[in-house]
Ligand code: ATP
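Below sits a lone chain in structure tokens, taken as the form predicted alone.
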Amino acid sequence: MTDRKGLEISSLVRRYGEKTAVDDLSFSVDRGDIFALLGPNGAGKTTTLKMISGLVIPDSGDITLNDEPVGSARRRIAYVPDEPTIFPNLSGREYLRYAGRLRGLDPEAIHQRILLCSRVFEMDGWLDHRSGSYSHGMIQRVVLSGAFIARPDLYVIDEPLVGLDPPAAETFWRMVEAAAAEGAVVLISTHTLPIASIHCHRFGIIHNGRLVRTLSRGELSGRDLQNLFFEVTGTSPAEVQDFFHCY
């Protein structure tokens, strides 16, 4: 792979009234990289992902994918929100067919990719049931499959593991690694830091809308990512030893 240029974020700002949710944020993700965007609740992660996906318009700053403004590259971006939903009267298969048509895939390609996703995410027994009967984990499998079916240049995935059982979570990471190996850009926001430290190539930690640290997996040098997160964000778990003895 000679040209690794992928996602470029430059001086991104987004305000909601008087609150600055994202404040002069800049980072890049090369093609073939899996980048984890980390931060406490309210740090600006979801707003950033929505701006990259075109769902929220930044107040200022630039976002490009392979040197092209993301506004004109939306068909090459797959976005999975932190609370995915499917219209309850649709089956999972109908949702995936619709996702494939939106990407301009021909019917045979859609059919073959649905077969593949149904097999690897173990959806054969229920994919034709109405999604109103699905658990959260089942919905997550279908919506993630919709992203993989598209085979985009950029995956933007917010909290992908919520609701997934261990086999499905490991399948997700294998699919992500395979997509990156084919040259895709993968941007994931997650709170499961021990797992992210295994599978992601680079990490960006944001706090109060600002990027406070970037590092590669190699730069961890054996350090625990979760403890590093506490250190650079100034956060820590609460002391709870007296909780059950205070009344």
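All figures in this text were calculated on a predicted structure; none of them were measured in a lab. We number the residues from 1 along the sequence you see.
Beyond what is shown, the protein has a form predicted together with the named molecule; the following relates to that form.
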The named molecule contact in the predicted complex: His191, any heavy atom under 4.5 Å: yes
Partner proximity in the predicted complex: Thr47 to the named molecule, non-hydrogen atom cutoff 4.5 Å: yes
Contact test in the predicted complex: Ala21 vs the named molecule, heavy atoms, 4.5 Å: yes
4.5 Å heavy atom contact, Pro40 to the named molecule in the predicted complex: yes
